[in-house]
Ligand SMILES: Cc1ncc(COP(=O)(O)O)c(C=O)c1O
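What follows is one chain in structure tokens, specifically the form predicted on its own.
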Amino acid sequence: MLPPIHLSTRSHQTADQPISYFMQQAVENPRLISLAAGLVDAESLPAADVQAALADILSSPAHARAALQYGTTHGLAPLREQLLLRTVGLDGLTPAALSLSADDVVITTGSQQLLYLMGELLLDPGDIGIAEAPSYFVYQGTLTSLGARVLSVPMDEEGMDIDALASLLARLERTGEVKRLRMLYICDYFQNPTGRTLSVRRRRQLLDLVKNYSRTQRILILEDAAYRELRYDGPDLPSLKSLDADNSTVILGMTFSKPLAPGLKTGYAILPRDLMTPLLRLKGCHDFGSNNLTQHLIQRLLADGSYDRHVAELCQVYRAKRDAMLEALSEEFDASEVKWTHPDGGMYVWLAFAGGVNTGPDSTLMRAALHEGVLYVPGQFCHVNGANGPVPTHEARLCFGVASVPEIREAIQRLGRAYRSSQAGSRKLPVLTS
């Protein structure tokens, strides 16, 4: 008998992502309406635009050969220039106003690669990262796999509580641990999982606070703006990157997965200049450059206006879905028993149940929901254990991305029935096993 395979410490620190089980449930149970996984609306995927752009690229032998050849680790130069102009333009600025050039932009294999690379680049085992509570649980798992300590800061309707962050930083300074703090991760537009947006006032406070504590080492802010362009109500807000006038502190990450198509698996980042060379060295060890054909494709979609038209159409689709979910929640639940967020964009609504209702994966509510044929993400997955006390078990994330408007209405009705039956103490429910 052969001896066991030796696995690295990092592999043992990497746990299964909790969403995997729920995605499996959605695939294997055809009657289940999933409000769990953050998948996009399938009917609105830009198949015709992509087909036309690909045909245009491949119709020219020279263009086809360029697109089918290896690219660079940094990314397609004309695309990086387009993305820089577009991104700073969202804030009404020019690259010069932020001391930026196309050399400060890198193309990544989706935003997830950027998030992983940043953790790998900045964090040694035992180093500290700070995130919102609740936060994007996939990235929490990534940081944990790297051996980092993840500390969390609570949120309210204005996003991350900056006073609570200030208290945490002061505590880390008192204990001497602030020297291990490397980065703060924040999803500041229509956050995954709550749908909340960091207010303008707090954006400025956050940047000032982090810069103030960058005394012995620079603390970086990783701004995940994956959902920025999916706005349905209200005015746009300045990015944290737009407030970082000297390009020293904020790493801005964006993706085409949500506003265009996840199958393209392409994202990009704008970085402080002294991060780019070490990042490219590390990225070269991963892939020597993200998919080159996809980069040429996105360049065409941006240049001919297809991307902007698609984003506008997608906002209409998701606005209708969000409105359907919020209306169904108001019809199905008593606001004294269940609270929920009212996002101005993105794909998520966050529920908080009163009265000690448990929403966890082994809870009566989850079993009742599966019995009724609806799936949500237990909110406890979006929290980390730490100094803030026990992880809350009364919250849930709902995604309105993939289900149709009629399915959303039906799903909320099913969730309402599940809630009422679980409150009634039904014992005729299947046991959830993982």
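Note that the structure is a prediction, hence the values are computed from the model and not measured. Start at 1 and count along the sequence shown; that's the residue number.
Beyond what is shown, the protein has a form predicted together with the ligand; the following relates to that form.
Taking 112, 192 and 348 together, does each of them reach the ligand in the predicted bound form with some heavy atom inside 4.5 Å? Yes.
Proximity to the ligand in the predicted bound form, single hit among 187, 107, 118, 160 (heavy atom within 4.5 Å): Filtering the options by heavy-atom distance leaves 187.
Please tell me which of 319, 265, 74, 149 lies within 4.5 Å of the ligand in the predicted bound form, judged by heavy atoms. Result of the distance check: 265.
Counting any heavy atom within 4.5 Å as contact, can you tell me which stretch out of 337 to 345, 96 to 104, 204 to 212, 249 to 257 lines the ligand in the predicted bound form? The contacting stretch is 249 to 257.
Please determine whether residue 298 contacts the ligand in the predicted bound form, using a 4.5 Å cut-off between heavy atoms. Because no heavy atom of residue 298 falls inside 4.5 Å of the ligand in the predicted bound form, the answer is no.
The ligand contact in the predicted bound form: residue 244, any heavy atom under 4.5 Å: No, no contact at 4.5 Å.
Report whether the minimum heavy atom distance between residue 226 and the ligand in the predicted bound form is within 4.5 Å. Contact check for residue 226: yes, within 4.5 Å of the ligand in the predicted bound form.
Using the partner position in the predicted bound form, report whether residue 136 sits within 4.5 Å of the ligand, counting heavy atoms only. Heavy-atom contact with the ligand at 4.5 Å: present for residue 136.
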